[in-house]
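Just so you know, structure 1 and structure 2 below are the same protein chain in two forms, each on its own as structure tokens.
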Structure 1
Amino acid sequence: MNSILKTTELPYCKGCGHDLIAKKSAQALENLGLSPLDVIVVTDIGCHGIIDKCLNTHTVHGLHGRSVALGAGISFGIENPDKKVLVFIGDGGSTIGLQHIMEAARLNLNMTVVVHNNMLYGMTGGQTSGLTPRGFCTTTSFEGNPFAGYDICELTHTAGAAYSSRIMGVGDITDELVEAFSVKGFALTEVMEICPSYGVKLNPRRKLSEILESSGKKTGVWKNERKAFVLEQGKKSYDLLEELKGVEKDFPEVLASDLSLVISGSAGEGIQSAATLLASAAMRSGCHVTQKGSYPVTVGVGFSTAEVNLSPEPINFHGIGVPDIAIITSADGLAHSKKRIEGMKKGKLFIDESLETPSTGAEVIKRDFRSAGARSACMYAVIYFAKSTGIVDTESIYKTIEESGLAEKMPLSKIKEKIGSLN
């Protein structure tokens, strides 16, 4: 079996804790009986990330702070539970990518993260990080960091990680790493170290153990008894075209030329479904149709407007400026479509009798549409439009409503009665 490390000459400054972590991690993987190609090491930006070339494992070197998310993606894609995803990240990366860590912990993904916490950004010149303890000196807080650092272990533990641990990066840490690496689920080990190039120089005579203690943190292991995330197999997959209902042409063609409609009412009053039913019914007579809706971001209040085009020919452009027909069933709808109605020089406006008629060149038809109930006013108005213009066969609308199963949800017989008396 190949060894995990290609070389023992690692590219770190003399005395850097990263050297210990890399060597002991390799040892731990070997102790667990893993071959190099069973392991995918994901690293990112920071001194720890230059380890790739020294490894015989698969290596993935990504963006600063993103290695946990990248490793998570790999973990999702791995079917063989014996493969090991090992992520290296620094203290800097672990705050820019904190959400990624929390997410992987929350889902308890099968992966191990080693946080190389030397309490500052080493690669970029010794700046303060989110894990720098209060009072620790860095090149950007030379009188000591005024803020306390995150407790990354507490965060992952609270998020649901199977295993979180903090260890001192001194001496032989192989056993501690073996324990973390053998966890099924999300394991994070924070290894405390001091960067000789910046940390030691700026904090002379301070000991790692004393720094940790004065920051109020302890070494230790925190566990959640949880099963590792396993991808559900055999997820149902629906053919998105098969599941669509085909529309047969079972009514005679009636439409001679293009017609555009704007249907406006209030959210929750069935505007879009009335428009869809109208469009589907028109298709039964061989019409080409388009339908789109617009409503405020809060879909449950305010206006709801549907735009429908009907044409004997295939439709390319579906935009509607000034429509041929406007159907308005509430004050919200009127407010939203008023400008367009005022712009109508011809055509027809169907409007509920409770509403004030805007000035328009369209022929105005006022009816008690809301007498069908707020939720059915629009359907009634649409059927009324169909009946009085003959543009869409009312029978095709009734049939479409019945087939859609919506008939029970509206007072269809009452509407039919009202429409029937039109003759």
Structure 2
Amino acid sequence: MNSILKTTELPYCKGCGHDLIAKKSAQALENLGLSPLDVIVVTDIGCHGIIDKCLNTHTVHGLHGRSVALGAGISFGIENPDKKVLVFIGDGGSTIGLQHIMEAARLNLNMTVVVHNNMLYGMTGGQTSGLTPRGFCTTTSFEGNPFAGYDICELTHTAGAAYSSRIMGVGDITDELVEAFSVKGFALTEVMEICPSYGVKLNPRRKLSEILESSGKKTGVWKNERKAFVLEQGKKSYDLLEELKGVEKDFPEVLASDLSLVISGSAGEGIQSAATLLASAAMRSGCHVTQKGSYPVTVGVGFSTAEVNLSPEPINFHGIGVPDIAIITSADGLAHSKKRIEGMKKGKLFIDESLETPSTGAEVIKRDFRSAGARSACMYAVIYFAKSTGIVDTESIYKTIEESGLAEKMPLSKIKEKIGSLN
């Protein structure tokens, strides 16, 4: 698969310039002969960021204003010049993360930033941003912005960027993007556009060219002849993965086909730890494993959900829609995973007997998992799942728990006693 985009039906409002930028960026990357796995796209918070799901490339979605910082970290860590780090950010994110942009430009890091400048915060209600031109109307400046916006191209050029450009987001901009993407060092391209939901409505009959002209800014290209960033004082970092101890296979293989699990309970009740122990035990039986955690920003309250994929073959994509197995140990976990459980047409649902069973096509197994204590309920449920299905050897789980030093922190003997009575 050499196509950068998965689909041409992009999730933007009709007439949004983000659609043009995404499609022409994809075309530019393909024109440069880059395959999807040669490209790392980092997106920011904002309407442009919903492009992630439409890309076949590596994608990273950052916090508001932090996509350039993430891209910089990736650029620092990648030593392969054939890989392309591409950052998408809006005018709002550029304002929030302005110092990140300046530092990346100052160091001339090998990356390209595409600023989607529709001159306001489109996703959050059409408010004024730091790049909104003087006189442009937004929902927080109905009479027109009284202040001039930053000139992001002048700032990056002055900071030392190898390449800065401003282009109009109309027509075929593929060649302009190819030029920016070809730069060795830091390149920033500001694409001017108007938000169809707020910008057009609040600035009727104004053309993009007139808005840009009245702002005092011009389209163009600005260059600094300097080499891309290189470490000149020796490498002072090392691969942190080298410190990780590998998991050796010391139990027979059991799993014959792919299996996906959703394990869900309450924060602070060891959900992620139980999933990690299960994943490690499965690897001891030769499984390939991925694990992903999900929980609220306020850690320690609400739900905690872990997604685990097990396979006898390498796993190239982690994504679980409807799981094969669901393990639910609390009301918080049930509320968070209820829709996925209701979507199960087969498989198994292991659920604490205190909880109301949702409508599901899965086989339902109810047991008093919380009798092992709130902090050990999930571990009990995971071991119960392993014992009753035979998918993961329970002895490998016990051994993993003991070697991790967690055996003394949970009622393992009590759990073993309960599991031992399972027919």
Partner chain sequence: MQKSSNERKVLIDGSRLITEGMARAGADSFIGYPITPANLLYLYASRRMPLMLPAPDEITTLQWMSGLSATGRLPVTATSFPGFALMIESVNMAFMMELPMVIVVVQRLGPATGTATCGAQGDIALLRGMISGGHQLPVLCTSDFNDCWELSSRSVSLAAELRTPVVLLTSKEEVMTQKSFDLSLLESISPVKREFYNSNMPYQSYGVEGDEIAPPFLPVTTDKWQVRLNASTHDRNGILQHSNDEAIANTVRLDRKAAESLDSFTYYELDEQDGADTLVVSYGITASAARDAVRKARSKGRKVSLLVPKTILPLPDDYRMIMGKYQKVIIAEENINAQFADLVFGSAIPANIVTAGSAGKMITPSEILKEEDCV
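Take the two forms, find the largest set of C-alpha atoms that superpose within 1.5 Å, and that set is the rigid core. By convention here, residues take numbers in order along the sequence of structure 1, the first being 1. Because the structure is predicted, anything quoted here is derived from the model rather than measured.
Note that the form predicted together with the partner chain is the one shown as structure 1, not structure 2. When two forms of a protein are overlaid on their rigid core, residues whose CA moves 2 Å or more are considered shifted, and D82 is not one of them between structures 1 and 2.
In a rigid-core overlay of the protein, F181 has its C-alpha displaced by under 2 Å between structures 1 and 2. Q99 is not among the residues whose C-alpha shifts by 2 Å or more between structures 1 and 2 once the rigid core is aligned; its shift stays under 2 Å. Taking the rigid core as reference, the CA displacement of S388 between structures 1 and 2 comes to 79.1 Å.
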